[in-house]
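Listed next as structure tokens: two forms of one protein chain, kept apart as structure 1 and structure 2.
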Structure 1
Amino acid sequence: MATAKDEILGALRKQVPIETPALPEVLEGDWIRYADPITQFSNLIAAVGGSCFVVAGIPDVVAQLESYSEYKKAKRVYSQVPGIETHFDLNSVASPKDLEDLDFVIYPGEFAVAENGAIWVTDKDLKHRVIFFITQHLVLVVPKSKLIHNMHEGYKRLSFEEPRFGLFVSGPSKTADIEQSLVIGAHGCRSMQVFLIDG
């Protein structure tokens, strides 16, 4: 008996060929660029319900965080950014379920995109990717030199050669499923701060 795969592919192969346009170039092009990408990016982060701070370095990030009452009250903070204190070593956590009470995650973003306020993060060297979603507050730190203009520049930097999870995150989690009223903090983080630092 033919397998489902054989039958589906067989049915598709029998069909009259349709016109096949060549695959177009998508990375190179006259894509949108901004005279001031930092302002564009910051405005977008604000528009999607997050906050963006342009600071010199890690000490400024720490100072800013310490001015938050939520941060000072936080019982469980995980940081993967050198220079920012972490409360525990993620590798010693056995199950992702044990991260339910995570308050803050501070994580390095690989690059940030001005056109849509998205930041690329991956689970490289990260044992539990659930931290991005289960934490109440997400803080991302990205060097200014890694701010790019558009998604085409973004995908130019990406390759997917090994099993890996990667994510464009843009603002805190949100829903508008109740009468189109925007509610920040659906299932993922309730707040998101992005720090653009020198370098």
Structure 2
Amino acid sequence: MATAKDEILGALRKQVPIETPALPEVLEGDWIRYADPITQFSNLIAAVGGSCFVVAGIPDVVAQLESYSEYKKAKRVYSQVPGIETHFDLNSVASPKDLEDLDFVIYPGEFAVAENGAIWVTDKDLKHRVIFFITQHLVLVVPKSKLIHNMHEGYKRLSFEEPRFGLFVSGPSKTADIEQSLVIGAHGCRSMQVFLIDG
């Protein structure tokens, strides 16, 4: 017997357009550019509650992480950045629910945007994309050469040739719904660190 949910989803599936409309073209223009995009990006990350560090390479990232008391106490760390230790094999985790005690996620960002402090991440080679939202602390590592000026440049870099999950991340989770008081880590990670490395 079909449930109400099955009926609703079935009705939605019938509404798929025959032809998928083309994505809008990214218009060329005199878009904003920064004399010092690293400072612009770092300031915006700080403004939204995160931290940004400009370092030479992965050993410096590891050294900085090991200076955090939360990282030293972490029982469950997942890293997809070569050279940074991971505590477990994510592919062996059957259900996203089994990641509820995830302390740190260290993940490579594909590129970062100085205009708004956003980093583009995808689920390429990633079994459970919930890690971006369920972890207590999110660490993103991006080569300095992949720091761009504005979102127009960012959209040009996105590939929609095949369906894929991706998102722009900027700062830890936050809300000010309750009594207009800002709460960090309300619906997702409690902290976010970004490392811009040489390369």
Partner chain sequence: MNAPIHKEHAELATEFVHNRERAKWHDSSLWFVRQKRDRQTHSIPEWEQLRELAATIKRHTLAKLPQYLEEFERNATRMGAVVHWARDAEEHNRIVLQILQEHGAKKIVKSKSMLTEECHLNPYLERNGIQVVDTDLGEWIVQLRNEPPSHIVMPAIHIKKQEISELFHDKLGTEDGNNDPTYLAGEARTHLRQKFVNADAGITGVNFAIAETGGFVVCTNEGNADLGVSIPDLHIACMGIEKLIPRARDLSVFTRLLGRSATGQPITAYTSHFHGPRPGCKLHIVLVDNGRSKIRASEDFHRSLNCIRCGACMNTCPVYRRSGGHSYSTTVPGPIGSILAPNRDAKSHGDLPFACTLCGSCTDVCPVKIDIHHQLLTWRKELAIQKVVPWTKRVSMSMAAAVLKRPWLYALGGKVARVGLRWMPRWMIYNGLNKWGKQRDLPPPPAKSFREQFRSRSKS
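For numbering, take structure 1's sequence and count from 1. As the structure is a prediction and not an experimental result, all values here were calculated from the model. Between two forms, the rigid core is the largest collection of C-alphas that superpose within 1.5 Å.
Of the two copies shown, the first one, structure 1, is the form predicted in complex with its partner chain. Core-superposed comparison between structures 1 and 2: residue 17 shows a Cα shift of 20.7 Å.
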